[in-house]
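Form predicted alone, single chain, as C-alpha cells, below.
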Amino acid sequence: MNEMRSILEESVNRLFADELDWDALTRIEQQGWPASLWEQVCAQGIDRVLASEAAGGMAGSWGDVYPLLRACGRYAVPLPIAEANLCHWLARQAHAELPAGVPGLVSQEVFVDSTHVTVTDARVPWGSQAQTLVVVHAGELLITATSGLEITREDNIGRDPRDHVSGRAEILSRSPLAVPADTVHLLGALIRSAQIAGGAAAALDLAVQYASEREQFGRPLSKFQAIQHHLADLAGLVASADAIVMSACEVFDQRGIAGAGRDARFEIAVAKCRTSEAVEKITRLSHQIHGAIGFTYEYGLHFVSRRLWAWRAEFGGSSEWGEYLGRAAVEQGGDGLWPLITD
C-alpha cells in the first residue's frame, strides 16, 4: 500500500470510528442529514479523492479510493461519499469542475434538449440534499441545477435516502466525456462492491467480539465448534470480497472500461456478482452467531446488515452480473475461458 493510501485509510477510519457509534447512527436515522459530519468530510477532502488537483482533489486512482469506499461500508456511513467521489471522477475525465455542495448522481435515462435535462422518477441518493445533478448522456457530462425539481423522499432498506426526482433541470454546464454509456452503472457496481466488502468486515468483527464475550454453559461461544465454523466461513467471505474488489479497482486503473479489447468489465462484473451473492450468507451467519440480540434495534449489527441487503441489489444484483459473466464465458468458448479468468 502506498503512502497516500495509508494516510487516507488511517484518517477516514479515525473520523468514522470517532463520529459514528451506534448512538450517532440512531440519531441520524431519527433526525436526518448529518450536516456537521458532511462538513468534516468536505474539510478533509474525503468527498473528492478522485477529483483533479485543480478541483481541490487528490487525483487519486480507484486503488487509492478503495480503503475509503470500504470504510464507508465498514462504518455504515450515512452520507453520499461514494457517489460524490464517482461524480468527481466523471468531472475529472471531462476536464470539468463540479460546483460546491452535494452532487446528485443520476444513473437513469434522461431526455436532454439544448437548455434542460428532463428527469422522470430517477432515484438519486440523497437527492433532497443535492445542489446539482450529474448526468452522463450521449458523450457529454451534464451538470444541472436542482431548483424547480420535484423531489420525494424515500429510503432504501438500509434507511439511506434514495429520493425520487422528476422535472426539468436547467443545464449549468456541459462537457465532452469520452466514456462508454454504461460507465455510471459499471462504476456504481464497483463502489457498491467495495461498500459490501466493508460491511462484511464489520459483521465479522461484531460476530467475533460477541462470540468471545458471550458465554453458554460456562464457556465462551467461540469455543463451540459450530460457532467456530460460522466464524471461519465469515472470515473467508470477507477475505474473498476484499481480494476480488481490490483486484477490480487495480485492473480498472490499468485498463479502464473502454469496451474494446481486454478491459476491466469482467473484473467489475465478478466483484459485484460475488459480493452481492455473499450478502445472504454473511448476514445469515452473523445474525445466527448473535442469536436474538442481533435482531434488536439497540444492538448495532442491523446498521450494516440492512445496508448490505440494500447494496447487493443496487447497480445490478448477482443475477444480472452472473448473466453477464455467463454470456462472456459462452463467447470465449472452452479454450478462451481460462485465459479470460487468469489474464
Partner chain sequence: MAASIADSLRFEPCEFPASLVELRREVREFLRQELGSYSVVKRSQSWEAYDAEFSAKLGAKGWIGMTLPTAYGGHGRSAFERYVVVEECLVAGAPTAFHWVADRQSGPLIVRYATEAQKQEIIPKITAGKACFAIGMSEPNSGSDLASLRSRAERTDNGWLVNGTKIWTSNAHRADYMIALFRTDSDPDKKHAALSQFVIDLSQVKGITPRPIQNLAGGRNFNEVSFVDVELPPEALIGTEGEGWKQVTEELAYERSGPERYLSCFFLLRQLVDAIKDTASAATLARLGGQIAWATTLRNMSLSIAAKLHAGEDPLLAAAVVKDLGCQFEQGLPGLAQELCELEPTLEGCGTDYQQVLGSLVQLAPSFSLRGGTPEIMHGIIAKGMGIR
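Because the structure is predicted, anything quoted here is derived from the model rather than measured. Numbering follows the first chain given and starts at 1.
Not on display, but discussed next: the form predicted in complex with its partner chain.
The putative spot formed by 37, 54 and 79 is not touched by its partner chain in the model of the complex; no residue has a non-hydrogen atom within 4.5 angstroms of it. When its partner chain is considered in the model of the complex, residue 325 lines it closely, a heavy atom lying within 4.5 Å. Proximity of residue 192 to its partner chain in the model of the complex: non-hydrogen atoms within 4.5 Å are absent; the residue sits far from the partner. Although the partner is absent here, residue 88 is not a contact residue: none of its heavy atoms lies within 4.5 angstroms of its partner chain in the model of the complex. In the model of the complex, residue 23 stays away from its partner chain, with no heavy atom inside 4.5 Å. For the options 201, 72, 142, 106, the one in contact with its partner chain in the model of the complex, meaning a heavy atom within 4.5 Å, is 201. Proximity to its partner chain in the model of the complex, taken as a non-hydrogen atom within 4.5 angstroms, holds for one residue of 239, 112, 172, 157, which is 239. From the list 113-121, 162-170, 226-234, 131-139, the contact stretch for its partner chain in the model of the complex under a 4.5 Å heavy atom rule is 226-234. Interface residues of 321-338, taken as those with a heavy atom within 4.5 Å of its partner chain in the model of the complex (partner not displayed): 322, 323, 325, 326, 327, 329, 330, 333, 334, 335, 337, 338, in sequence order.
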